[in-house]
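Starting off, we have a lone chain in the form predicted on its own, written out as structure tokens.
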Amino acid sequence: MTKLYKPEQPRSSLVTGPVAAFASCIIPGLGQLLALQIWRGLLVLGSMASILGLLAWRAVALAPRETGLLAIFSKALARRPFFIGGVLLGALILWLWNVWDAYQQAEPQRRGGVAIFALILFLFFTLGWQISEINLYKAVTELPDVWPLLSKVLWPWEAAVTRDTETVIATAPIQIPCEGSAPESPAPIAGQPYIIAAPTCGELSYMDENNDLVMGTPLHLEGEGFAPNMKTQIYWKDSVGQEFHVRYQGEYVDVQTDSVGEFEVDLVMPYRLQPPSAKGVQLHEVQARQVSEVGGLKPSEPLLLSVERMIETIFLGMMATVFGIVFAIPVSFLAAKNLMSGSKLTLSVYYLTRTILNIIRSIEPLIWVIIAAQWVGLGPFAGIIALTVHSIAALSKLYSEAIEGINTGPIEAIEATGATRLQMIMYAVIPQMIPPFVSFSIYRWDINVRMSTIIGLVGGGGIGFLLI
């Protein structure tokens, strides 16, 4: 006897439309629950509670010094009238709409679509706009400020190439303090740069008992024989051989030579912390340095190191992906329910495998690389271990879900021939798995290459190690 198909009749409401509307007027979503629209009622109730809770949180953040609900919302409304007023108006409309929706859901011919949820999404978007502090005006008006940094990213050749440098130095002796006969300035040598310091002895700057800087002896420098129209840096070399760029009035002392290679500059003898062994008369030097670029362009050390680390990053991701694929393929068959539901034992293995994969996948690779670094030390090997562990869990899940979604026709055909379970997997399952397996594997390699940049920040090797 042929059984006629009867469409499933909607479940009747526990209450009438007016009662459901009144219930939702008291508690949003309650009328929908009484109309046996469980998920609809829970969504309305949860959304209304979340919107009001988030609105109250933002109001308190906008009026932190106010007390009392009315005072808080008044101050918040005064500071953000469009945001607070708009969300309050939207919440009121949602509450009224919820009442009307409950009435419709309790009627025999239920109406009311998803428009109420569009309003909920709009209110959440409005709250998210304010919570995340989106400021389009600031983004547009201050865009030129980011151009210097962005230009270096788009065109990094200034730092990518360099030239050899040649440094020309002329020195003059300075005696600290002025005891006995002061040293004489060196005699000029034709064709070579030289400087004359006046005086050739004096006192260094020092810190008094109030930790205030007391200026040292004023110093006048004259230089000749340098390259014309070129920046010249003034350095100081103390009695123990330590050199530093002289600062005066908060700025490094640099001077530009004139058209014949001469310059004059005034400064004071700098502050220098003397070692305990520096007693009595000490001989210091004041230096004038010109650094010029010579030769052709060549790759800079940062560029070579960055390229090396980028190659390391690519192979780090590749090796982790290869190892992940090798271990994930057999594990994925244990995590496929359609293959492991033959008995209680295999089903237990399925649930155990899935649980372990979920736990491993829930732990970030950053945590795994910290553990691996304790195991094998800092470097790319620790990064490979971390990404491999996470890749096994992620790929096993993707592979197993692909196995669960395969076409059962070839499996039934192979089983009908009397093939064993292993033969069924080899000739009916694996051929269907190759395309998704390849797709998931390539995608995972892309993830691992990007993730290897992040794990390098905590010692996993690659370009991330340079970034940190």
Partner chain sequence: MLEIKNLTKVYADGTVALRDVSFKVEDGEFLIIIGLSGSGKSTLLRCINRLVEPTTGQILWDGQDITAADQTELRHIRRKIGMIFQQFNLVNRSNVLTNVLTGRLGYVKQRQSLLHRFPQADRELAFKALDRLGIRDQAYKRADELSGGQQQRVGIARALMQEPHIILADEPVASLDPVLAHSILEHLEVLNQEEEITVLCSLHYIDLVQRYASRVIGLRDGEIVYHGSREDIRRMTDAEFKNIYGQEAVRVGGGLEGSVGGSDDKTI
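Positions refer to the first chain, counted from 1. Every value quoted in this text rests on a predicted model; they were computed, and no experiment measured them.
Quick note: we don't show the form predicted in complex with the partner chain, though the next part is all about it.
Taking the partner from the other structure, the partner chain in the predicted bound form has no heavy atom within 4.5 Å of any heavy atom of G46. The partner chain is not shown here, but in the predicted bound form it comes within 4.5 Å of a heavy atom of I414.
In the predicted bound form, none of the heavy atoms of L70 sits within 4.5 Å of a heavy atom of the partner chain. Residue contact check for P410: one or more of its heavy atoms lie within 4.5 Å of the partner chain in the predicted bound form.
This chain is displayed without the partner chain, yet in the predicted bound form the stretch 402-410 from 46-54, 59-67, 33-41, 402-410 comes within 4.5 Å of it by heavy atoms.
Interface residues of 411-431, taken as those with a heavy atom within 4.5 Å of the partner chain in the predicted bound form (partner not displayed): E412, A413, I414, E415, A416, T417, G418, A419, T420, L422, Q423, M426, Y427, A428, P431, in sequence order.
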